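Let's start with one chain on its own, the form predicted on its own, as structure tokens.
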């Protein structure tokens, strides 16, 4: 969450709203934010899902432990899921990569005939999928 906090302004400038959700109670979130120095800059919503309802909806609830896997989801303004990633409990996430994927999806929402290749960054060249591109992606990037 500290990594997200460091990038929060960049997400906001991309018109994204960050919300974290866990099965912890709001009191646990408050304690973490109060006691964990790396979370002092968290300004986004930390939602509590003690029943696991939201976690089940997104397919990240582990019934055997009552805990969430680390799911990350990008939902567009129309409410459609456009990107997801689920990691095991002990694998951290990279907010810079999440921001890159967000920006790619924002770009593609206005350019649906294009594709953003691996490691695409804002302003970089995109691809136009077609039969002519098959076997020639290397030359096109």
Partner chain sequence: MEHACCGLKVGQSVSDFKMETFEPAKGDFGEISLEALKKAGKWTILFFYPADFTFV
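Keep in mind that what you see is a predicted model, and the values were worked out from it rather than measured. Positions refer to the first chain, counted from 1.
One more form of this protein, predicted in complex with the partner chain, exists but is not displayed; see below.
Q) Quick one: is residue 17 in contact with the partner chain in the predicted complex, heavy atoms, 4.5 Å cut-off? A) Contact check for residue 17: yes, within 4.5 Å of the partner chain in the predicted complex.
Q | Proximity of residue 57 to the partner chain in the predicted complex, heavy atoms at 4.5 Å | A | Flag for residue 57 set to yes.
(Q) Within 4.5 Å, heavy atoms only: does residue 126 come near the partner chain in the predicted complex? (A) Contact check for residue 126: no, nothing within 4.5 Å of the partner chain in the predicted complex.
Q: Indicate whether the partner chain has at least one heavy atom within 4.5 Å of a heavy atom of residue 5 in the predicted complex.
A: Residue-level check for residue 5: no, no contact with the partner chain.
Q | Partner contacts in the predicted complex for 38 to 58 (non-hydrogen atom within 4.5 angstroms of the partner chain) | A | Contacts from 38 to 58: 42, 43, 44, 45, 46, 47, 48, 49, 54, 55, 56, 57, 58.
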